[in-house]
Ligand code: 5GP
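First, one chain by itself: the form predicted alone, in structure tokens.
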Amino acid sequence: MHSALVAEKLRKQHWKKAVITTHHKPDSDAMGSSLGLYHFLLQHIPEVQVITPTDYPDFLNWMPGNDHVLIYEGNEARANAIALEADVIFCLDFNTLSRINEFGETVRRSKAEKVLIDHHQDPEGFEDFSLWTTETSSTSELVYHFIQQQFGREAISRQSAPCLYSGILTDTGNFRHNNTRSSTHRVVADLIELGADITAIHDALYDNFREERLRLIGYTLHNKLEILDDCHTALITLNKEELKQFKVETGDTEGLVNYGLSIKGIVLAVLIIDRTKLVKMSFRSKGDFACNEFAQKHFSGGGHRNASGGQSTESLEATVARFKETIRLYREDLSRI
């Protein structure tokens, strides 16, 4: 890792203009790590701009610094100009430029130095400096360790602390996933001491949804949940008409895939949604079934061992049929867990 080299450049104020970017449809870890880093970098770089490729759920808008985020879609010319003029671009919670859509080509063309901060497998290798490991719960925890180890815990402000806590909270599944270690809890304890209000954060993340989202969940579990018994798999699908019926907005389907995994005997839960341009897929698994390898091999995806995503250019019906055919090749693997 290049933590010390990046820290040295920051101390010497080597960079004057910085961009922070993260993956499309950012989640809590993406925004938490980005805004947590944003407040820290303002102490060392005169101009810092967070640019997200797309919009993100409004239940993340409470994070300090949210008002200074620039969304690429609809602001392409301005965002491209800022990235091309930057001295450094921090790339958080992704490791292939395709994950930031069209903005990726601008980042690739920019002469700015690139700093990768990420915890996903198989990085592309576009960066100049890498703060990468798969041994950390989240990108937010990585940002915490970088600041704490290189600049001391006093460099983590009251604005950064709740952002970083939120990223760790959600990427560990409220501290229940196997990426939660004793060291993760020590980091979280420190962030609480540094100003993270855990009650307010929980309310913002989990008790702040629209009525339509709750009705969507009820409808989905009652009408769209399918159990593939021989594969120990729970499958949920949503088509374009259903998304329209429940006025689905960004973030409304987040966490929906996890309901399938809560069923006794289920090893793999899958959510397949027709997003018009692409059919998007979410995978969650238990035990040793590597859903990221399954997603990468069959559905142009990847991610973590027990939490990953994929996509398909086929129709929803064709994608579902291909998934059902493919998953049966793994019946024995799923039965052993």
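Residue indices: 1-based, along the sequence shown. Just so it is clear, the structure is predicted and the values come from calculations on it, not from any experiment.
Although not depicted, the form predicted together with guanosine-5'-monophosphate (5GP) is the subject of the following passage.
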Practice item. Would you kindly say which of His298, Lys286, His304, His44 lies with a heavy atom within 4.5 Å of guanosine-5'-monophosphate (5GP) in the predicted bound form? Key: His304
Check your understanding: So in the predicted bound form, does Ser28 come within 4.5 Å of guanosine-5'-monophosphate (5GP), heavy atom to heavy atom?
Key -> no
Exercise for review: Would you please decide whether Asn66 lies within 4.5 angstroms of guanosine-5'-monophosphate (5GP) in the predicted bound form, comparing each non-hydrogen atom pair?
Suggested key: no
Practice item. Report yes if any heavy atom of His39 sits within 4.5 Å of a heavy atom of guanosine-5'-monophosphate (5GP) in the predicted bound form; otherwise report no. Key: no
Check your understanding: Does at least one non-hydrogen atom of Lys114 fall within 4.5 angstroms of guanosine-5'-monophosphate (5GP) in the predicted bound form?
Key -> no
**Study point:** Which of 278-286, 31-39, 45-53, 58-66 sits within 4.5 Å of guanosine-5'-monophosphate (5GP) in the predicted bound form, heavy atom basis
**Key:** 278-286
Check your understanding: If we check guanosine-5'-monophosphate (5GP) in the predicted bound form, which of the residues in 231-266 reach within 4.5 angstroms of it by a non-hydrogen atom?
Key -> none
